[in-house]
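First, one chain by itself: the form predicted alone, in structure tokens.
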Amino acid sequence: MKKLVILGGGTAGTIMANKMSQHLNLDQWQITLIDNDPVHYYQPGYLFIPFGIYGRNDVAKPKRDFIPPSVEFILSKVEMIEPDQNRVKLEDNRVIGYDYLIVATGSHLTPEETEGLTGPGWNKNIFEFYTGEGACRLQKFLKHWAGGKLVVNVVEMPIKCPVAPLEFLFLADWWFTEQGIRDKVDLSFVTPLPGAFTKPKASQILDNFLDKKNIHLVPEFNIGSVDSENNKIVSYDGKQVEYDLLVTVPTNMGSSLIERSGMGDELNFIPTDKHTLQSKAHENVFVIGDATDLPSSKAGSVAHFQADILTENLLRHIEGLPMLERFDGHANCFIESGFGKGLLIDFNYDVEPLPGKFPLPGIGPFSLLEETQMNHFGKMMFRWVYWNLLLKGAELPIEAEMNMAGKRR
């Protein structure tokens, strides 16, 4: 029997386990998914926890609930990938061989990479919201905070969901207004980018949103250290920004497993063909989601679009057919803007976010690069779609490749 092994049971790995179990002949193939955490987290929901919109139970469910019964689920840490021998080693010294390997090991925060970030202020007046624990700690802090200088700082790119720091600021503007203390809170966004976002045209629109909401933008700030005794962050060129509350987006890195296995770059992301999702170094290894080194966003929508294309390419490779260079970097992101409204952006490697209607030309119901209530509803409805459709590999009405229909240049 041939073996397909999937490393990682997050968004990308779970979708692939479902899709491949639907397409492979299970009399001939054994599919094994390996992950060391029994709980699946809806990571977009972390954004809402600090403001009391979601609780911890709203974003966590057992992984087994979303893995097909036909898929073997091994709950274990992986010590090593040995791609030249087509096998992985587990922490209990078990060896799992494979004919094909899908690496979906994601990315994680490494605050220790920044001098002083995990010093005396860590989890006291320095927090992150990209983990459930961090989001819950920040929620407890905000509940009793009387105001001051709140700084959101992105240490370096790439990060998971590049719009999330902006969403946090937009929600903070709304939340402090609701608490009656917005006039006592100074909001700042400190980023290494030249503007609010990675794409220039969308960045200009989002820069204007920050200005409209009285959120100060500090661009091209490359943080070198955190002076938590004096409550300030210091850039490599000596610029300083003071804070009373620092919400950090630390350096994101790939799994240490990738480093141990000698398969990654300096950030432990795997060199991956940007159109086929095949590992550049190993023919029978494919990479998906945040584990790749691709210049696409590290976001759940990207993993979804990648999964559609990877499924087809993996099946073609198994059949000895040439793979299709179809992945175009497609990303689709709702941006919560506060006060019951949101924006939506849709873009890929080559095309910046454009205005228009989505997904139906001229109809929508969602509006691109426009703040609407419907976009907010789309953001909030997505949690149901995620748990009930997306994770289970269901076919969704949004194509993997970006469609120009309905967009205005």
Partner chain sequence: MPTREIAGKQVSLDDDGFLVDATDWSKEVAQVLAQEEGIADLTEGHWKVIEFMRADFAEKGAVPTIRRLNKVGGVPTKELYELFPNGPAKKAARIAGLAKPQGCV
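Residue numbers count along the first chain shown, from 1. Every value quoted in this text rests on a predicted model; they were computed, and no experiment measured them.
Just so it is clear, the following notes concern the form predicted in complex with its partner chain, a form of the same protein that is not shown.
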Considering its partner chain in the predicted bound form, find the one stretch among 308 to 316, 127 to 135, 94 to 102, 151 to 159 with heavy atoms no farther than 4.5 Å from it. 151 to 159
In the predicted bound form, the one of Ser261, Asn86, Ser301, Ser296 near its partner chain [non-hydrogen atom within 4.5 angstroms]: Ser296
Residue among Thr177, Asn222, Gln240, Gln204 with a heavy atom within 4.5 Å of its partner chain in the predicted bound form: Asn222
Though only this chain appears here, would Thr251 touch its partner chain in the predicted bound form if you measure heavy atom gaps against 4.5 Å? yes
Is Phe347 close enough to touch its partner chain in the predicted bound form, meaning at least one heavy atom pair within 4.5 Å? yes
So in the predicted bound form, does Thr198 come within 4.5 Å of its partner chain, heavy atom to heavy atom? yes
Would Asp183 show up as a contact with its partner chain in the predicted bound form if we use heavy atoms at 4.5 Å? no
Within 94 to 128, the residues having any heavy atom within 4.5 Å of its partner chain in the predicted bound form are Glu113, Glu115
